Every structure is written in structure tokens, then in C-alpha cells.
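The chain below stands alone and is given as C-alpha cells, in the form predicted on its own.
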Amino acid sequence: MAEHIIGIDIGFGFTKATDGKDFLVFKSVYGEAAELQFRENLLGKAKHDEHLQVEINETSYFVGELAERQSSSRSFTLDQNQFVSSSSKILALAALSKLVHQPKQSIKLVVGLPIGHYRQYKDELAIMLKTTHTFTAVDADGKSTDFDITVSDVRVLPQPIGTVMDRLLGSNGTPKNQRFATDKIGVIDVGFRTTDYTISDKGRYSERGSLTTRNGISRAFTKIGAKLKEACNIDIEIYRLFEAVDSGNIKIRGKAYDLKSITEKSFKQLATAIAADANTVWADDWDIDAIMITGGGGAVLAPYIESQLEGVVIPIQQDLDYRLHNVRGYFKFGLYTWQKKEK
């Protein structure tokens, strides 16, 4: 029987994971767990991913929105070295606690890294994950489940390749879309901290056409936060701006602030920088057949970016949250790789 395969995309803004059936998305924030005196949900049943709590090496962590709500001190970083060494394991195990259904199980993982950090950190990340992980998950009622999960194999991909794999491979991991096997496709993956540019040339990764910049969506969020600081003299953590930017307004100490104007201005400026970088890094790749925009940031910036790109843009399928195309591609790549090896 084939081992359980899971794809995990540990991003600076959100961690995404899938086992091919269920998807999990939560903010890449964690904090030391507090003792909860009151566990009842006042307004109905909690969502699947609302209570994420894991105990690792005798330290208990709240993860995602639970940490944002309940932890007095929270960890959220945009530093890649700190992110890989300190955060990645906690976030990965939190994801596994929801997607691995047997407390003692062997699994295989596919994960991703930004292109600019891939060579430096891929071995470190693989070694960290490819081992037996003993930890405890605590649910919303306070019930503990001890896990003993052996990760028997890990594949680390450059992040944007996940979207290419998602379009190239079917749900069973076999090639389905010949265009992605025969054409030269540029991919712009707008993440929270970084934007990755890469080329899939007949299904092969192109080093020359690949680049990571720090023009992630957090750059726009930082400008929005700075404007709010001017207006109300309060520093707001950028990971707490997601919902506010999405809705177009925020309440601070009971007073409402309209974010629509500054958000649109910040997004347009960021989109211009991203498009300019793409046109520059792919200046010699005039034979690109088409360009795809992906990533959580790509979902909101695509309308601003498309008009400034030199090339034909392929619309991303609307069957899925933009943030999940990479991780679904990781899972499909895992199926393709390990099922092929078994056969």
C-alpha cells in the first residue's frame, strides 16, 4: 500500500497543506500556548482549522488565528533564515496534526521554497523534515492526541513549480495538459514576502529565467500600516491587516478607517515593480509562449500586473483559492514521483 502523500507550502503569510482531499490554510503565526479557562465557542461550532495547538519537546504552541487571539507573545517573521530554522517545523507539524488521521503513520512530503533561497535552504529543510516526529495535538475541547509520524521521504521544489505541476498533472498524478509539457511558460508567483519568477521550458525548470525579489504583498501592507500609524499612532502587525485590506476598512479603538484608496495606490505601485522585474528578467526569453500569475498576492495584483507585462497571460483556473495552486501541484508531483517509482 502506498504511503500517505502530503503537500505543504509554508509561506511567510500563510501555511497551506493538502492530502489531495482536504485543504488547510492558516496564518504562519505561532505563540506559546496559554491555559484556556473557558473553551466553549460562544457562537456555534468552530471551523476545522480554528484550533491549532501542538506540543513539541514539552513546549505547547498555539498556531494560526488561535495564536493571534490567545498568545501574549507571537512569532511572525519575514527573515528567511529564522523562518526555516525556527518556524517551519512548528508550522509543518501543525498542518500534519490535521491531515494525518492515524497517530502512528509513515508519510511522504513535498514542500517548496522561494527560488532565491532554494539552493541555500533546501537541504536544511529536507533534513529537518525527513525524520520521525513525536508530538502531541490538542483539540478545542482540550483532548490530546499523541502522534508518532515518520517522514520517509521529502522533495523540496522551487515554489512556483507547484503551479506548473498543478496545470501539467491530473488529480491522479499523470500528465494531462500537453501545453505545459511542450511550451515555454513564465510563472510569476506573488507571495507575502517575496515574488518568484521562473520559466518552465517544456516542463523543465530554467535557472536563467528565475529570480526572487522582496516585492511580496507585505511591501504594500507595510505602506498601509505606515499610513495607519500616521493617522492613529498605533503600530499594527502586518499579519493583522489581511482581513482589513480585504474588506477595505479597519476599526481601531472603535473608530473606522477607510483603506480603499491607500490599498489601491499601494497595490498599483507594487504591481508596476513586479511587472518591470518580469520584463527585465525575461528580456532574453522573447520566445515565451505565455505567462501565468499565481500566489495569494497574485490573486489581488493580477488585474494591475497583466496590462504591464510583455506577453500573453494565461488566466489561472478559478476552481481553487489562488493560494492553493502551488500546494495542490506539490501533492500531484508527489503522486507522479512516488507512484512512478513504485511501478
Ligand SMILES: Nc1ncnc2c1ncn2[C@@H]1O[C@H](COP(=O)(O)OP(=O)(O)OP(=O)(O)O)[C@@H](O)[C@H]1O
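Numbers follow the displayed sequence, beginning with 1. Note that the rigid core is defined as the largest set of C-alphas that superpose within 1.5 Å between two forms. Here the structure is a predicted model, which means the values were calculated and not measured.
What comes next is about the form predicted in complex with this ligand, which is not displayed.
The candidate site formed by G13, F192 and R323 is fully in contact with this ligand in the model of the complex, as each residue has a non-hydrogen atom within 4.5 angstroms of it. At the 4.5 Å threshold, heavy atoms of A94 stay clear of this ligand in the model of the complex, well away from it. Taking non-hydrogen atoms only, L109 never approaches this ligand to within 4.5 angstroms in the model of the complex. This ligand in the model of the complex comes within 4.5 Å of a heavy atom belonging to F221. Mapping the unseen interface onto this chain, F242 counts among the residues with a heavy atom inside 4.5 Å of this ligand in the model of the complex. Figure note: of the listed segments 179-187, 161-169, 247-255, 193-201, the one touching this ligand in the model of the complex, with heavy atoms no more than 4.5 Å away, is 193-201.
With the core held fixed, the Cα of V151 is displaced between this form and the one not shown by less than 2 Å. After superposition on the rigid core, the Cα of V245 moves by 2 Å or more between this form and the one not shown.
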